[in-house]
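Consider the single chain below, provided in structure tokens and representing the form predicted alone.
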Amino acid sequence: MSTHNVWTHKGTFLLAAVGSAVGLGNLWRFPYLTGENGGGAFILVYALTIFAVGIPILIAETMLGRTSRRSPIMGMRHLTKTHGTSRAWESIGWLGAASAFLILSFYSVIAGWAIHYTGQMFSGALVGADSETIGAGFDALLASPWLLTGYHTIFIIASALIVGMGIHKGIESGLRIIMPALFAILLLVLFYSIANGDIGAAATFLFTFNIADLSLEGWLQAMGQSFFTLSLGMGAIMAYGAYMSSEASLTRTAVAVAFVDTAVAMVAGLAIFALVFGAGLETGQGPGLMFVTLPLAFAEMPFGALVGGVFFILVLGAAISSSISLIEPVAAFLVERFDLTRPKAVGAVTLGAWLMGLLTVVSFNVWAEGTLFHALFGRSAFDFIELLTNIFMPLGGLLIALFAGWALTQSEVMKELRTSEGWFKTWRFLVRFVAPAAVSFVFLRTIPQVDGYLIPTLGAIVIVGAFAAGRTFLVEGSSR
């Protein structure tokens, strides 16, 4: 890959990786999981798994991108050839690209809801509204395929315009505006929550150390969160790593990404739940928290319409920084493999994702129940697509850890890490043994959710991955 495809500034990868990691899950899922699973106890388990699982795989995925200097698919094709390993390892790139494409298709639809609520807030339409009115408004939004399609279209076009402008003028310039603005808005909402909400109750909910509330399920959720929150296994980190300066430290950058991502989730949790508790409302997670509970809290507070509008701009900023990272892995592959111009490649990716996103749109209304998807898969089209990504991402992360841990030579890893022998040995032990075991738990947790006849298909995928790993262990691992 030519040198013009390297970030202009060494710190841009940090911005890009944080932008990819910080998304809707940081705002509506992680804080709730923390509060409901022992607060500080959950954070401790999460921090340990971030160190043992998240950071090692983040380093590994970035390393594969920077070593190959190619898109995830073409990069893994290059690495399998240069390392004499089975071509089955190319599945890392394909799994990542497939995950990114599938997530983009439904993420754009859900992020589009924030466009609707930004307008609702700034217009004052929700001022003084009660819970029944706001709940009915959200239900009406989901019931309208035309509204959902319109917002989905606006959001995905905005994301495509940024990526289509190129690595430097588009993604890099966009992130250097979006991310600082996102942090500034988050702090503004936090200060508003301190002044008008119940910050003490929010802090107690999030940080009180209560080991009794941390069940085995809570441990597994902390383990899964440490993986999914860093956008691992979906090609984005590998694609961004391909543009990373050779002088930037992989370890320091990975630690910084994990820290900032967690800090954003914690600050967002304090701000959101201070508003919720201040308004005397029940805690929750997911769309209900974001699009029903919070608008109700803003409706009852001074200057709530203005601050609520600003808050939903924050939601949009977090969503768009993630969506551009979902477009890049597939678009970069099309540019490299078929010699398309970047605008054409981005157009092809976003058009395909937009069309697939229509399945998510109709899952909330026209195809809500009693459809072919329900008959075949026992779930809606949206739920099925989301299930696929929850399988592909940890499977891809597992293979990334195994390939980086066993196929890459000590000399090239040391060249990339540029660190002490002690940290190299620690990283290699974690990425070879601890991280794969942990990600396997995350992967296997999804299997019981799969309907009967799909299990053989997934079993075949696991067997192929295990065969590829075994071949590397036997052929390559013995010489290292």
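By rigid core we mean the largest C-alpha set that fits within 1.5 Å across both forms. Predicted model, so just to flag it, every value in this text is computed and none were measured. Counting begins at 1, following the sequence as shown.
Beyond the structure shown, there is the form predicted together with a small molecule, which is absent from this document and is the topic of what follows.
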Inset, instruction - Find the only residue in 80, 253, 380, 229 having a heavy atom within 4.5 Å of the small molecule in the predicted complex. - result: 229
Legend entry - Contact assignment for the small molecule in the predicted complex, among 393, 404, 114, 331, heavy atom within 4.5 Å: 393
Legend entry - Check all three, 159, 163 and 317, heavy atom within 4.5 Å of the small molecule in the predicted complex: no
Inset, instruction - Select, from the options 72-80, 319-327, 117-125, 146-154, the stretch whose residues sit within 4.5 angstroms of the small molecule in the predicted complex by heavy atom distance. - result: 319-327
Inset, instruction - Classify residue 92 as contacting or not contacting the small molecule in the predicted complex by the rule of any non-hydrogen atom within 4.5 angstroms, answering yes or no. - result: no
Inset, instruction - Please check if residue 15 has a heavy atom lying within 4.5 Å of any heavy atom of the small molecule in the predicted complex. - result: no
Inset, instruction - Examine residue 398 and determine whether its closest non-hydrogen atom to the small molecule in the predicted complex is within 4.5 angstroms. - result: no
Legend entry - 4.5 Å heavy atom contact, residue 349 to the small molecule in the predicted complex: no
Legend entry - Displaced residue check between the shown form and the other one: residue 228, CA, 2 Å or over, core reference: yes
